[in-house]
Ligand SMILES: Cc1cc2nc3c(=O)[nH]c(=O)nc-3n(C[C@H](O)[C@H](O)[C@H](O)COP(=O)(O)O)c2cc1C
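Encoded as structure tokens, the following chain is the form predicted on its own, with no partner shown.
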């Protein structure tokens, strides 16, 4: 009998366990990716917030710390996306995930190079579109997930996507323990993907003061706002969010201009790069002028919390599950605990398990 905890995700991504660490911007840096992979999970490096010339060195940094396979996330609308694609192909990473803007030719290039395409989606139609483009599997994030999020909860969205597509599906949004892993696999997923739970580990390089702010949050402190860039984002409520919620439209635009200049200074991007990126975002047809004006907010404000250690004046993207987390294990401690809990659930149901898993 097939062991339910050794799934197609393990076979295709090369991980020991069916657990993915998602590519959180300024969080999923080499230290966290390596910590996840060494513990038996599969980590994604967040290249979507890197300059094109930083991606290769970051990949090699991960390889300095682990010999396990890992993936890289990027966005087709970011400056230097074409160069990043070339880097990922040359570096032969195991998998890629990407944001808006992929096309069949790009997916075909990755697949020809032996690189799996594993995008994250938040709606049934987006999952179907990605499958039409030729991706290998999809990560489905319900509304409980952090950062940009949809409106449908995981336990509703996951079965819908499983019925709609014929590729392996990974469940995300609200997962943090072995009970969730067992539940997702029972429904039909090949594993789970977690962001916030991996952020709150000792291996994560986010400043301790920011982690402690997450640990203090209750479920009611984690809200969805459209004041950051016009799109729904789930974040931990803090002084910055309270101020943005009360601000006028002109005040938000002024905040965005300041954030854009701050991000330009930190990233080294030129005005041409920023304009090109904005045009690429708009090309998908789902981004309004208002959202483009506001889009400069997130990068600078997330960096304040995730790199600068200022969680009150920055942004703290968060899944709802953060409101239940009160400790910082290592990635290895976390993954071993999840697997032990999942084994216990299947054992309680009378499902035989291979002791090696």
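Positions refer to the first chain, counted from 1. None of the values given here were measured: they were computed from a predicted structure.
A second form of this protein, the form predicted in complex with the named molecule, is not displayed here; the remarks below concern that form.
So which stretch, 103 to 111, 171 to 179, 157 to 165, 238 to 246, is the one near the named molecule in the model of the complex (non-hydrogen atoms, 4.5 Å)?
-> Checking each option against the 4.5 Å cut-off leaves 171 to 179.
Partner-contacting position among 342, 335, 24, 9 - heavy atom within 4.5 Å of the named molecule in the model of the complex | Here the answer is residue option 24.
Taking the named molecule in the model of the complex as the reference, which of 203, 136, 229, 144 has a non-hydrogen atom within 4.5 Å?
-> If I apply the 4.5 Å criterion carefully, the residue I get is 144.
Contact between residue 321 and the named molecule in the model of the complex at 4.5 Å, heavy atoms?
-> Contact with the named molecule, yes.
Could you confirm whether residue 35 comes within 4.5 Å of the named molecule in the model of the complex, counting heavy atoms only?
-> It does not: once the named molecule is placed as it appears in the model of the complex, residue 35 has no heavy atom within 4.5 Å of it.
Does residue 73 reach the named molecule in the model of the complex if we count a contact as any heavy atom within 4.5 Å?
-> Although the named molecule is absent here, residue 73 would touch it in the model of the complex, with heavy atoms inside 4.5 Å.
Is there a heavy atom of residue 41 lying 4.5 Å or less from a heavy atom of the named molecule in the model of the complex?
-> Heavy-atom contact with the named molecule at 4.5 Å: absent for residue 41.
Give, in sequence order, every residue of 190 to 224 that has a heavy atom within 4.5 Å of the named molecule in the model of the complex, or say none if there are no such residues.
-> 193, 194, 195, 196, 199, 214, in sequence order.
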